[in-house]
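Below: one protein chain in two forms, given as structure tokens, structure 1 then structure 2.
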Structure 1
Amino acid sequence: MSAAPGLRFFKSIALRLLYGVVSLLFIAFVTFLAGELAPGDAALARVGEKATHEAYLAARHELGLDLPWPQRFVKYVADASHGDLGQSWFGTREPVGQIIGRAFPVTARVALLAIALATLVGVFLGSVAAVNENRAMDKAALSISTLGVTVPNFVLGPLLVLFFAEWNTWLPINYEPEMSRPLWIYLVIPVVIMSARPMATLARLTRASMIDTLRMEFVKLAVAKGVPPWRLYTTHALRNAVLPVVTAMGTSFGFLLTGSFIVERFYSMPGIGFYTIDAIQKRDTPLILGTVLVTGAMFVVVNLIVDIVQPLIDPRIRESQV
């Protein structure tokens, strides 16, 4: 009998993995179909408009564009299942896996630092706002979170660069491959930009959840027993209010992955978003498919981690799964 709850838990995780694989297949299909319907011709872009018809046909054959698109899609999925994401059609024409392997650490580093900063600041602001409900600190925290939600990345980025890099020389204007300063200095602006909206979302969610938790009977009982305020807010209230925040972190991480496209292009960071936009402009289909699949896989993995962490935090979810 003791093995039954664990078996059901692993079945639940396996089912989520299956859904994730189906989602990735759907993402690949939509991306592939969008590339087929988009205007332009990758073979013509590769050989140039002045090339001969024979050279154009040779380029289409080399890229596999002379085959029907369903056949090409099935072949791509079969190759991708073995870890072969194809070869870039332009530039150095290196394997897509190598490009992603070079770009992934850049995107992952910024995304993880951004979600960490957003969580720390957001949970702190939300907790302070809840404890001081309808007071000056509550209104200040809500004002900060409102700015984080309303100011988009493409506005916040130039403002930070203008103040910290143009008017002052505290931070670099953009990312430099040959770094003349420590790495963390180049990460400040992109991390702050990408953490602004998740921080605001987590702050508002923490505030609402904390207010509801502080009104519950077990908190009133803890106050009656003389539990110190710091222990009351952290051990009793925050621990029970943090579950919706953990769930929102998964969604926020998905936002960070898509938001990195704008930030990386703006700040010239050679991450997945930077290479994806460059591939879209060139109609480099293998690179587009590879980066989109990796981004989707990261989103699936993060949400799977959230599904695993939730029962560890809240016993009620663990009991419902059993």
Structure 2
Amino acid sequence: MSAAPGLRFFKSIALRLLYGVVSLLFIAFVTFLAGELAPGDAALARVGEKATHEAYLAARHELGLDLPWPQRFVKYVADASHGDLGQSWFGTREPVGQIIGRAFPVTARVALLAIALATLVGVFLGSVAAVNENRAMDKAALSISTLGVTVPNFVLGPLLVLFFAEWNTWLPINYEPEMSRPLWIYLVIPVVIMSARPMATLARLTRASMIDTLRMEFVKLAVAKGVPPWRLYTTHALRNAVLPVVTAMGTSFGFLLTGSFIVERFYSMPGIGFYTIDAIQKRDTPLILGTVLVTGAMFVVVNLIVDIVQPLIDPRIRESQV
């Protein structure tokens, strides 16, 4: 490999990172502005319905909300660029960085396991469906993935808990702080719920992509050459069909990393989605901005990884970059 293509590769990554930073600034600005424009503010959330108007004004002053918003935004960005995301305005006034440091691993662990499960099952179902196109196996696999797309989290969650945690005692009802059982037991239900949708998406995508690939000339040639079916499907067809699947995986994973408010609240998991929605309801601006920025940054990183991985899988992309 000559130096030039390598350099070009790094330049393109650097450029992508720069775009990422600009996007994050833009995200922060839009989030901040949306908070400003929404009726009601954190001071109102703090003082509640019984407070006098003077008490409300005092709370605004305490939170610095009486300063003009451009001034507050500039200060926020300046602080954030030094890694200081501020403190939550509620409860123990915990630093936002600390909250995210605690909440993000909870969400990320589930997201990673969910995307792994979704990929394994999705690609398997999709391949089986494609190989058996329009036969019973295909229909069965398609039905499963249709269910995955159509059954919402808030239906699947209670159903799983009902069967596996209430009628039986195999799994816990929620993510318990005392963790009297091994960690993985607490992860089963959230991982299964979170994987349902990406699993369905990946299965359908794999099926379509496989069917296209199986109709290509080189597959016919391989068959003519007497390649055994299992090798044909895995090494030849799947390898070539997998590219759009990797892209979709990246996008799905990005979404999973933002956490699911529904699943995290339902299962009492202290992850990033739970905190984000709680923060939005209280207008806890520092925490809202912090969680939005971190999840935004995750999207940037995941997309970058997908861009790096794609040429590793498909030489054509590598060539086109040169």
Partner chain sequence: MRAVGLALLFVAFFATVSCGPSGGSSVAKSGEPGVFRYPIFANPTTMDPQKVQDGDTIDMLQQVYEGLVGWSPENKPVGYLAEKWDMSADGKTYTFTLKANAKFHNGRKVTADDVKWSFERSANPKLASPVSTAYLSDIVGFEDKFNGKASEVSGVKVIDPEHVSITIKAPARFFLGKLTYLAAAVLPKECFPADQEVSDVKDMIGTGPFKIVSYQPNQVIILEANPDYHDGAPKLKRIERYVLGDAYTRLAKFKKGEIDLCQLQRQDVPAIQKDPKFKDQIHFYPRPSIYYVGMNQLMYEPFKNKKVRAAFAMAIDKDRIVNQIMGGINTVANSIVPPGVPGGDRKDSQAYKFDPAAAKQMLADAGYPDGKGMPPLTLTFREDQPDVKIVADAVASQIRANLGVEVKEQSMEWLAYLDKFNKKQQTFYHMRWAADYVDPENFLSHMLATWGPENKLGYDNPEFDALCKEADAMPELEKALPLYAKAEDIVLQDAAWVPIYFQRDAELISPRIKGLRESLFGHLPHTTVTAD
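Nothing here was measured: the structure is a model prediction, and the numbers come from that model. For the two forms, the rigid core is made up of the largest set of C-alpha atoms that agree within 1.5 Å on superposition. Each residue is numbered by where it sits in the sequence of structure 1, with counting from 1.
- Between the two isolated copies of the chain, the second is the form predicted in complex with the partner chain.
- Superposition on the rigid core between structure 1 and structure 2 places the CA atom of M269 less than 2 Å from its counterpart.
- Core-superposed comparison between structure 1 and structure 2: the C-alpha position of A297 differs by less than 2 Å.
- With the core held fixed, the Cα of I288 is displaced between structure 1 and structure 2 by less than 2 Å.
- Lined up on the core, E62 has its CA atom moved by 3.7 Å between structure 1 and structure 2.
- Superposed on the rigid core, the forms differ at L44: its CA is offset by 4.2 Å between structure 1 and structure 2.
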